[in-house]
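A lone chain, given as structure tokens: the form predicted on its own.
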Amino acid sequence: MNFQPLTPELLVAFEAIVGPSHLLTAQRAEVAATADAYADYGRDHTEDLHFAPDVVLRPANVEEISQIVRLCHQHRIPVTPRGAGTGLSGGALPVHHGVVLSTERFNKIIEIDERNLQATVEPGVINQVFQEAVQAKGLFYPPDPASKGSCFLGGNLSQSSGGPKAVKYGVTKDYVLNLQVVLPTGDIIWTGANVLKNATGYNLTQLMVGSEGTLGIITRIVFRLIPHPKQDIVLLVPFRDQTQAAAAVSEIFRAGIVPSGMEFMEREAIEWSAHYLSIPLNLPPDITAHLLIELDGNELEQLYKDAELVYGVLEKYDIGEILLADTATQKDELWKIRRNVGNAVRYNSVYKEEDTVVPRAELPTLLKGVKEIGRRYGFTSVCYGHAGDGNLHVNIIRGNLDDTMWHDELPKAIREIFQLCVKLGGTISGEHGIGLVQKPYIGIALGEVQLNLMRGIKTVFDPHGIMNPGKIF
């Protein structure tokens, strides 16, 4: 990639587009005593990686983005689109420096269309803010990543994020009808139509979802919505054998139950998170893992019947006392523990999070394999995740590992973990994306024919390769 450096003339042109208060450079940040805030644009939640941008631009509308990108296209300047920076694959890191283009000012919910069960939003809207806005009208947008209180909807689209509700309701891509996109050339397009069925040409909407900011910048989103379920209950099930916890997942589905949440947490995951949140939690010493199971619907009586079926499945396993959380306070506390596992791990140590996914019945084999690989290579892992989807987050703890182990030997272990996933019928990312840190492993899951097709698509959209370079391939 033959990128060019930023020139003073380009900085002047960018400033004319966004205004002086929305153009940031390292020098300006030092003068304004905001160096730490500026540095945040060079990192996300991926390990301890940092790449300094040459300039940060915070446009306010689609026309400004179009003008910026057109200039970058003409002058071969790399552009890294950025949302809230909560990603875990390095997708928002400006590895080639250049322009970081932040969507933080694109934070409007433009319309909630109750007649058609649709909503039009900008990409800088926080996931939870959007969920609460539609819930106030009795509607439901289910995708809810663990970082829903801070992550942007545009970033969710870029990764096709999932979350606990995905097991019953699907992931981000299942709710997107249409997108306004600025292409790497500066052209502005809509990818589809605001309809539930569309067989008109290639599906550009779904091509953009999950493309990790490499094909264009999303500036408006049209979502479909569904009615919000009226009732839910939550079960916390302790297991004395974590492999049994993984095995119980598939059996619950085979019994005819489709939970709205089915989360796995091994002992360290729930302990670390409870401690991080200062929530009292006294686990018996023989408990090695938990399943957090949510059931939702419109009739509470039916949910209790479903819970009885779940109890019946669990009777054959070596479990402790099941907690049935049926008050809002209890449910919120349990979900708070689950959603903060990642923060708790980050608080304890530098770590690498591998977003593994296999068919759910293969989850016990994957879990055993991860622990066996860890024993051979000498690392500790904290595992948790969306068990109902077969999506296991493997957090490899740096702890006291030296640089040689961390940088040279550990990638070999990660490769073995991903090879196991593919052997079991899975792949190397369920919802975090490939980004920067999984790029060396993509050949485990995809062959050269597939990769060349993707590279060809990238070239058609982005002939100069300026859009989020250094990611995926």
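Just so we're clear, the structure is a prediction, and the values are computed from it rather than from any experiment. Residue numbers run from 1 along the displayed sequence.
Unshown form predicted together with a further copy of the same chain; subsequent notes refer to it.
- The stretch among 232 to 240, 386 to 394, 74 to 82, 123 to 131 whose residues place heavy atoms within 4.5 Å of a further copy of the same chain in the predicted bound form is 386 to 394.
- Within 4.5 Å of a further copy of the same chain in the predicted bound form, a heavy atom is found for every one of Ala199, Glu212 and Ile457.
- For the chain shown alone, Trp190 is a contact residue for a further copy of the same chain in the predicted bound form, at least one non-hydrogen atom being within 4.5 angstroms.
- Contact annotation for Glu431: at least one heavy atom lies within 4.5 Å of a further copy of the same chain in the predicted bound form.
- Using a 4.5 angstroms threshold between heavy atoms, Gly426 counts as touching a further copy of the same chain in the predicted bound form.
- Contact annotation for Pro227: at least one heavy atom lies within 4.5 Å of a further copy of the same chain in the predicted bound form.
- This chain lacks the partner; the member of Glu104, Asp318, Glu299, Asp402 within 4.5 angstroms of a further copy of the same chain in the predicted bound form by a non-hydrogen atom is Glu299.
- Between a further copy of the same chain and the residues Val357, Val100, Val182, Met262, the one pair within 4.5 Å by heavy atoms in the predicted bound form involves Val357.
- Within 4.5 angstroms of a further copy of the same chain in the predicted bound form, the stretch 96 to 133 places a non-hydrogen atom from each of Glu114, Arg115, Asn116, Leu117, Gln118, taken in sequence order.
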